[in-house]
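Taking the form predicted alone, here's one chain by itself in structure tokens.
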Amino acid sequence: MADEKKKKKREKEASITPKITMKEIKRQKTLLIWSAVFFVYGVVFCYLPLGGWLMAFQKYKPKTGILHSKFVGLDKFRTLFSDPQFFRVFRNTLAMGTLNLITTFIMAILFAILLNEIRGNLMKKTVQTISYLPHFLSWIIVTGILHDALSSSGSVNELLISLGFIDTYIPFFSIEKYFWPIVAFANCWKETGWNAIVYLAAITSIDPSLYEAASIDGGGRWAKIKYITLPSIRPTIMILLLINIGNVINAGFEIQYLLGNSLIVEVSETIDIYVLRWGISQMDYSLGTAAGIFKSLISIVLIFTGNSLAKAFGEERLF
């Protein structure tokens, strides 16, 4: 009986799976050519450079190259994990990455829902277009705006003093406890409008008859958001959350490097800055590569952990 069920299942799968014929290949040759182009691009620029990871297991010297540098095994990793400074930058990276994930993720969903509630198309498109603009600004411009706004004579200090919240100027870039919130705010301001595009697309695909039925039943805007909008975009939210979890360790480089200074170096340095300082400035390429490998492994662990949790709770998952 079990064998018959398996046989029927295989026959059903075989009937569903399309046969690959020369006629089908010719019909879709354009798609196949473009797929091949992107495949080659991925291999050349994403996988071949991984050969450089060999430097982490060598005492690499540019003069001798990867093939002739002395093999030292895991010595660079031991040096890395015995350095208290590395664990400090790892803490900073993880903390800022988590703050960035929470703020940008939640704000993008809220912004998309609020934008969807705007009734006038002209107003909606205007707000949507304006919200995209910060994404196209480089970090050097964003940090310049932040520096001017939060400096001792900046608009934020002037506003707080005029409203009576503070008596003297606050040196925002000299106090450690303000740095992480500033980084989170900057990422949120820059990326919220851009990140909301996917959620807006998911919202527009919801069947309008569901909202009409809710209106007939007396449901208001909040009820529609709670019982229709959020459950409908839940799969999209879960997939994007899993993807973004892998980027937690990529807390950034530019904003921390540009806004950081010697007074707040204990909280401003990330793994990328650590790699820059030791891997390039001090020409210890092997140690920098080891730090980069550790960062990649943490990202992989986070993605697999998040995917396993999603599977355990019956949510959408990546694989």
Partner chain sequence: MSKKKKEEEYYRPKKKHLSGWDKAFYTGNFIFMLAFVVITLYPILNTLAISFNDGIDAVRGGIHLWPRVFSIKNYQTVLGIQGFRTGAIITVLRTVIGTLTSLVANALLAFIVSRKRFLFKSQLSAFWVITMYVNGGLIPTFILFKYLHLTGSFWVYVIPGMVSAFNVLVMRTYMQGIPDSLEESAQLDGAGYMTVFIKIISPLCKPVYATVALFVAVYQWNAWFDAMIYNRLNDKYTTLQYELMKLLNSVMQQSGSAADAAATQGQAVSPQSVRSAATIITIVPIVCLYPFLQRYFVTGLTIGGVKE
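Keep in mind it's a predicted model, so treat the numbers as computed, not measured. Numbering follows the first chain given and starts at 1. We call the rigid core the largest set of C-alpha positions that still match within 1.5 Å between the two forms.
The form predicted in complex with its partner chain is left out here; the points below concern that form.
- Stretch-level contact check against its partner chain in the predicted complex with heavy atoms at 4.5 Å: of 111-119, 175-183, 92-100, 226-234, the positive one is 111-119.
- In the predicted complex, its partner chain lies farther than 4.5 Å from every heavy atom of F57.
- Contact check for V127: a heavy atom falls within 4.5 Å of its partner chain in the predicted complex.
- Mapping the unseen interface onto this chain, L160 falls outside it, with no heavy atom inside 4.5 Å of its partner chain in the predicted complex.
- In the predicted complex, its partner chain lies farther than 4.5 Å from every heavy atom of V301.
- A heavy atom within 4.5 Å of its partner chain in the predicted complex is found for one listed residue only; from I140, I166, L74, L210, this is I140.
- Along 68-99, no residue reaches a heavy atom to within 4.5 Å of its partner chain in the predicted complex.
- In a rigid-core overlay of the protein, T64 has its C-alpha displaced by at least 2 Å between the shown form and the other one.
- If you fit the rigid core between the shown form and the other one, you'll see the Cα of R277 move by less than 2 angstroms.
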